[in-house]
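In the form predicted alone, a lone chain appears below as structure tokens.
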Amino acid sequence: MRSAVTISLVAEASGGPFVFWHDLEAGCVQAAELGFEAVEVFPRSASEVDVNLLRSCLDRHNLKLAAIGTGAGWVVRKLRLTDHDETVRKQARHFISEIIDVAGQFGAPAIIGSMQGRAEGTFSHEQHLVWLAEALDELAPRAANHGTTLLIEPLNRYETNLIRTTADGVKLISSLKAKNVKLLSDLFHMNIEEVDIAAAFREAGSHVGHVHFADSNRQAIGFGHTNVPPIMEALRSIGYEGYLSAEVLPLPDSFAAAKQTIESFRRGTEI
């Protein structure tokens, strides 16, 4: 398993669960100094990603790009893949497809979390899931063209009523024509929705493509009450070799959250 830390470039998301903020180069410098292997970047849009700067930062600091998030599509533009308006759904798919193309240049996946939306209004829950599945089947081949995956993230009940649990995610993925859609399993959301996090990982098996390494209170691992050893054992049992990426609140500050994360990562991988 490999370590990663988040960098948000979305001013409108200030206060959210990201370790480093606003400055890509400074975030990469600190990530490298602490010993992280990769960064996970959250841009406002694909057009606002300075690809040359990103490549330069990664190369100079011997880092990889773990993933790129699409959350700004919702936070900034209010786009959802399950919006009742077909025009908005198309705009959401276009926003994500452009991020897939940027991420693909680095062999990294794009993340679909908040842009999945939620079931509400006059349309049924099932119809929202149909729209979501159609979008994933349209977008996943674009990621496949870059030789990478597309990640769908189950979110807790306060953020969505569509894909909330690991089982929800596996059911959705299993229904798709596309074969390169994987789960992004976030320990914070799992703490709320899963009866047994380790068991959920074992049941998901090879569907797990990325892990957000966050404690029960959405702070760095070790600052909450998550029982890490059984989780690490479960990840090993399914042969998971991807990233444990810190999408956590920058508390008590960014450096301390990152330092706590990398120390917890090292302890966890030694268990």
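All residue numbers refer to positions in the sequence shown, first residue = 1. Keep in mind it's a predicted model, so treat the numbers as computed, not measured.
There is another form of this protein, the form predicted in complex with L-Erythrulose, and it is not shown here; the text below is about that form.
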Specify the contacting stretch among 230-238, 55-63, 30-38, 210-218, defined as having any heavy atom within 4.5 Å of L-Erythrulose in the predicted bound form.
210-218
The one option of D196, E134, D101, E159 with any heavy atom within 4.5 Å of L-Erythrulose in the predicted bound form is E159
Quick one: from L79, A200, L129, L155, grab the residue that has a heavy atom within 4.5 Å of L-Erythrulose in the predicted bound form.
L155
Please determine whether P17 contacts L-Erythrulose in the predicted bound form, using a 4.5 Å cut-off between heavy atoms.
yes
Under the 4.5 Å heavy atom criterion, name the residues of 68-99 that approach L-Erythrulose in the predicted bound form, in sequence order.
none
